[in-house]
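First comes one chain, alone, set out as structure tokens in the form predicted on its own.
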């Protein structure tokens, strides 16, 4: 079972895999709040789904949770750690799959892309090759390992991006419309990866405009409306 990491610099008695505490965000002073004191806590071993129409703020919420942007108010925490005060450890614990097809370099092969990502994700040197090969096998990329990204289908690219997301063995995974371009096989691989994370008491935050077609047992359902989460 995962608990607040023993090597966490400032573990909290109330630590959770992910906590968004009264998070607010406004892009311009003359615009309404995108997020308005939003509250969300993920429990170990759970998958939380957040829906809402396009442009409502789901991606902004995920980017704050990932430590990529700062909120105007409130804070994000992973196991009680702050994304700025504990930057390296925070980034090792959290993995974010953004929507679309970003994060890929067209001229890199699948293997080179995974190697590049493993370095960015600060995979331990002693696990570097092992975890790359594990990702290739786990996401059925062996036949594509030496193929350039720009010579792959959109579904194959999405499978590679999902492999990158789970490669560093994160404890919190943030998914933004992860089923985009995936076929049934790809969806099954994603579902298997999520199940494996939950078995280690990790946590998943899954965002999409509407409910998913996969047979996924979401533990919590929320809708983002007017900057806040409403239980479904």
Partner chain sequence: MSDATTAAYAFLAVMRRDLYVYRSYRTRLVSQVLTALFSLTLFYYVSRLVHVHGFASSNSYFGFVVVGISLISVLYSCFSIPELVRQELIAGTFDRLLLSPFGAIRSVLAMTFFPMMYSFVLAAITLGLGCVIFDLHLHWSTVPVALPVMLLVLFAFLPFGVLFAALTVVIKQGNVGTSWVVAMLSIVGGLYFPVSLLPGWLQTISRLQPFTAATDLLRHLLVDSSLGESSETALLKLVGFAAVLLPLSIFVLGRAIRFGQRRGTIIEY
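Bear in mind that the values here come from a model prediction, so they are computed numbers and not experimental data. Numbering follows the first chain given and starts at 1.
Heads up, the form predicted in complex with the partner chain isn't pictured, but that's what we're talking about next.
Just one of 37, 201, 183, 70 comes within 4.5 Å of the partner chain in the model of the complex, counting any heavy atom, and that one is 70. None of 132, 108, 145, 152 but one reaches within 4.5 angstroms of the partner chain in the model of the complex through a heavy atom, and that residue is 108. Contact check for 25, 117 and 121: all three have a heavy atom within 4.5 Å of the partner chain in the model of the complex. Residue 80 falls outside the set of residues with a heavy atom inside 4.5 Å of the partner chain in the model of the complex.
For the chain shown alone, residue 74 is not a contact residue for the partner chain in the model of the complex, no non-hydrogen atom being within 4.5 angstroms. The partner chain is not drawn, but in the model of the complex it has no heavy atom within 4.5 Å of residue 169. Although the partner is absent here, residue 88 lies within 4.5 Å of the partner chain in the model of the complex, judged by heavy atoms. Residue heavy atoms within 4.5 Å of the partner chain in the model of the complex occur in exactly one stretch of 192-200, 62-70, 175-183, 37-45, and that stretch is 62-70.
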